[in-house]
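The chain below stands alone, shown as structure tokens; this is the form predicted on its own.
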């Protein structure tokens, strides 16, 4: 893309400096969403539906409003009734009307935990008392949560105006199937006719939560002049501004959103829940309003990812060539349309070059919380089905699991089933990295098994803005508009330092608010180091050109007689042999005489995000008495392009594995017969802790740098969660000699399978 990649050596990129925000975070000084306080601040709380599906007959707020200390009460009547409108805000794009109705229920409550009213009071105790005084009359309706039950013709319908998209002829009756999408190529029947071996199975997963440590939190202050300030924990301050403006019918220019540090998001904070309510309460009361969810509320009322059914049929020749693949994906969307089934469809077969393929995806509404993005949304689910089926196919053919993937794996120049031609990929190099790793050949013991799985994520670019400013002492500030959820402050500073020629400790990265930097898409889709990094590099290059121009003025030579080397201007004019290099500090000291402040801001819409592949290897041991699965060893190889900060890339891989292991073994939403969640807390919804996991060996494959990025970077944050579900399941299959197709592979499920086999 630029001359940056052509430099013979990099000084900063590829190194492992200490993260610039690390000290504040480990010492507790970092300011997270719930840490902000304002004078006169009120406490905001939400009244939520106890029913999974119920018509709201009436809401009486008079007693709550009369309670001493209550300053505001809002219901759906305080929000505009919006028309259906698709809004783009990155990964959280969706229907505006649905988003508004998810923040505050209108005619019906569609899941247990759906907000029906909110209050602002002088204390938490008063707010709780006010919620109890709000009288809501419900007409309880039949509910449906299971995805296939929701698809049945006789299922209770959530939305009378929802007609299935993507089918012909257009339906005349409403349905819970919001949309059907299809991808494919070739002749499926012919492909299966060519097959010597066919495997077919049905796989299921349960809804799982992102499990971020920090709950949703915000403060809103609506001024008398109509200007609004919002401090919040989110993955995108511009997303929050856009959504709040739309939901409340305000001007975006009247809302300033200031991002806090974020205690985890993983896609779950790419939408809004509290922020519009806090603004509405502040507007009504005239005081700042702070709202913080409890963990119970996080589980009951914020987006998990889909529970799903995945049906896979594969055909292959005896030499292992896959001749046909038929994949059906049925994903829960929760209360409103918008499951990640589209991305699940795109990624399902992306690791394989299959001539005859069909993928059908169903987006299905259910009486459960509206799903939100979760790290490579949709892909882990479809990969679980596909990679489990490939494992079974290899077993049936007597092939090594790597060999069958080498036989059918995509390479650069292959057209993916979902459309684009893949370029600059290193999928087969990741297979080779695992095959040559000692882990692959170490012997296993009794009740132990080994599983392998591959995964893909397409990665995205998008709109980003960055500013680079030189201080009067020669240090630099890099301002961007993306919350740092994975070390992006460090990578932004490193790329700027590389271009400027400064030591990394002289570059200060800043995450700016919506009034201080140009628009940036949210942090999601594994886009920030790629897209925002491109903006940082371009801004830094502009600063370097400015510095060279100023040095030319100071030397009184033509600008083309100045070069930039090792963080200093170098005079190339033979008539100035005594001219010594000018450092950034020396040039900055004369900035007032050479043109004023030294700064550059670049906004761009980054294209060419390189897709990422990963291959994971997992060893497990199963206790036959209890059914408990212990993960003994885990190795993950990933096509990363070029690792800007290798430690953070390794951390992303290890974090994705940890979440995927939890998804595979323990995590699930459990509902009772009334549609109420039974395990809305970390005591009963069990995420992995350190003692549940082995050391995770991360192999960074850098054989295919992305030519569209100045340093070759690809997105790395989402690929790591794609293979673990299948890798763990395949290891359990190897240990048991028995295929379990329903996640999670919890001790009761394993014991039940063992008992059934023993009969």
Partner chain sequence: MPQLEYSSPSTADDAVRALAAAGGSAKVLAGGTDLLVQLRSGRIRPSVIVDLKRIAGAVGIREEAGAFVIGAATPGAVLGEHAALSKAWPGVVEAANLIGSTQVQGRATLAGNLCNASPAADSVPAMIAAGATCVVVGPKGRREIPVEQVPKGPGETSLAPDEFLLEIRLPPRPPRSADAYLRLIPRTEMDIAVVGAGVSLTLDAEGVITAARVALGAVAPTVILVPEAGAALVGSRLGDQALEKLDAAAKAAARPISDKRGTVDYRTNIAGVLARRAATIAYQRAESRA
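Because the structure is predicted, anything quoted here is derived from the model rather than measured. Residue numbers count along the first chain shown, from 1.
FYI, the form predicted together with the partner chain isn't displayed, but the following is about it.
Checked against the partner chain in the predicted complex, the residues 58, 691, 37, 27 give one hit for a heavy atom within 4.5 Å, which is 691.
Among 683, 673, 83, 189, the residue placing a heavy atom within 4.5 Å of the partner chain in the predicted complex is 683. Contact annotation for residue 354: none of its heavy atoms lies within 4.5 Å of the partner chain in the predicted complex. In the predicted complex, at least one heavy atom of residue 751 sits within 4.5 Å of a heavy atom of the partner chain.
Among heavy atoms of residue 20, none comes within 4.5 Å of the partner chain in the predicted complex. Put simply, residue 423 is far from the partner chain in the predicted complex: not one heavy atom of it is within 4.5 Å. Of the candidate stretches 662-670, 612-620, 518-526, 459-467, only 662-670 has residues with heavy atoms within 4.5 Å of the partner chain in the predicted complex.
Residues of 599-628 placing a heavy atom within 4.5 Å of the partner chain in the predicted complex, in sequence order: 623, 625, 626, 628.
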